[in-house]
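This document opens with one chain alone, in C-alpha cells, the form predicted alone.
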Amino acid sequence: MFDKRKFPKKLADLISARKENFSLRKLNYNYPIIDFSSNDYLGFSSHGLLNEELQSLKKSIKVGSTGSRLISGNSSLFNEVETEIATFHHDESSLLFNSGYDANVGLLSSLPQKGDLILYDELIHASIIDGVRLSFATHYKFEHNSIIDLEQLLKRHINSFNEIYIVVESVYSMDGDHSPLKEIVALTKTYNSNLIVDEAHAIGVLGQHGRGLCNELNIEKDCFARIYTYGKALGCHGASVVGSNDLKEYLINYARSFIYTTAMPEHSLLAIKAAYILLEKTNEIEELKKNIEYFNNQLNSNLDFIESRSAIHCILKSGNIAVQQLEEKLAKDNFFVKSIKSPTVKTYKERIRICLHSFNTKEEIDNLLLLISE
C-alpha cells in the first residue's frame, strides 16, 4: 500500500531549490578506487593497521554498553582510556564523547554562561556553531584567521562580559590552513580570555607522534580545552575533550550530549586505545608528511589552491556545477575526490577538496594534478 502522508510544501520547496542549484546531498557507497577524499590520513582504518593492533587487545567484551555512563554504561576501561588520553596530550584529564559533534555541542552549549562571550572564527566547524547557538552566552564571529579583527572584538567587549571564550580549529576542515595559535594565545593573556581549540584535523598529522598543532607549538597548557576527534587520522570513532579536572567534572554534570546518551561500547574504547598505541610507533605520520611536501612541490602556479601544509588541500573553482563536473571527471579515472558546494562553503568559494594520505603514491599525486590541470 502506498504511503499517503502529505509532505509539507515548504519542505518540498527547499528540496527543489537544492536540486535547482546542484547542491542536493545524496548518500553514496560506490567510491572510486584511488582515495584522495577520506579522512583516514594514516590508513589506520582502510589499510587494516588499526585492526591488527586491536587484535592484540581483544578480550571478552560486551557488544553493547547497556546505558549512559551515569546509569550503567561506565566501566574501568573508560577510566583507563581517558587517563591514557590525558597523559598523551599532556593535561590533567579527558572525557570521552560518542563523536566529535557530540563533544563540540556538549562543550559549547554548556560551558559559556549567560553574561559570557564567545568569539569564534567565521570558518569554524558546523558542530561548534550548533553548540554556540545552544548556549546562553552572547557570541560573535571574527574574520577567518584575522588577529586584527579578533583583537578589535576583544577591545570592544573586554569590560562587558564575565568570561570570554575564543574558539578556533587548529587546522580548518574546508581550507586546510592553520590557525595562528601563538598569536591568539598572546591575545588570551592580554585580554584574560579562555582558548578552546578543535584539533580534529591535526591529531595524527602534526606534533610529536601526531599530538596535534598545540603540541607542535608548545601551547598545550595555554588552552582551556582541546577537542580530539578519532574518526579521522585515528581511523576509529568518538572524541574527547581534554583539559583540567574541574572541566571534566563540570562536563559530566552539565554537558547534555554526554549525560543523555548511551555510552560507547567497549569495542570502540579498545579501538581508541589501539589507535593511540599505534601513534607512538607508526611510521605512517612521516610518510604522510613526505606526501604533503611532495604535493606542495608539484603544484602548478596556475591552479588556485589554498595554501596548506596539512593533509587537506583545496582548489577553488566557482560554481556548484563546475566542481561537480570536475569531481565526475576525476571519478572516471578512478580518483576519489569530493566537490564542496555552497551552502557548505560560501558562494563563489566552491572547491575540490583533496585529502592526502600516507599510502598515496607519488605517481597517484602526479596523475591527479595532471588531470586537474587539464
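Predicted model only: the values in this text are computed from it and were never measured. Don't overthink the numbering: it's just position in the shown sequence, from 1.
The form predicted together with a small molecule exists for this protein as well; it is not shown, and the discussion that follows is about that form.
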Partner-proximal stretch of 283-291, 255-263, 151-159, 197-205 relative to the small molecule in the predicted bound form, 4.5 angstroms, heavy atom: 197-205
In the predicted bound form, the one of F224, Y101, F78, Y276 near the small molecule [non-hydrogen atom within 4.5 angstroms]: Y101
The single option of G106, G243, G238, G212 touching the small molecule in the predicted bound form, heavy atom within 4.5 Å: G238
Check all three, S127, E169 and T229, heavy atom within 4.5 Å of the small molecule in the predicted bound form: yes
S110: touches the small molecule in the predicted bound form, heavy atom cutoff 4.5 angstroms: no
S173 within 4.5 Å of the small molecule in the predicted bound form, heavy atoms: yes
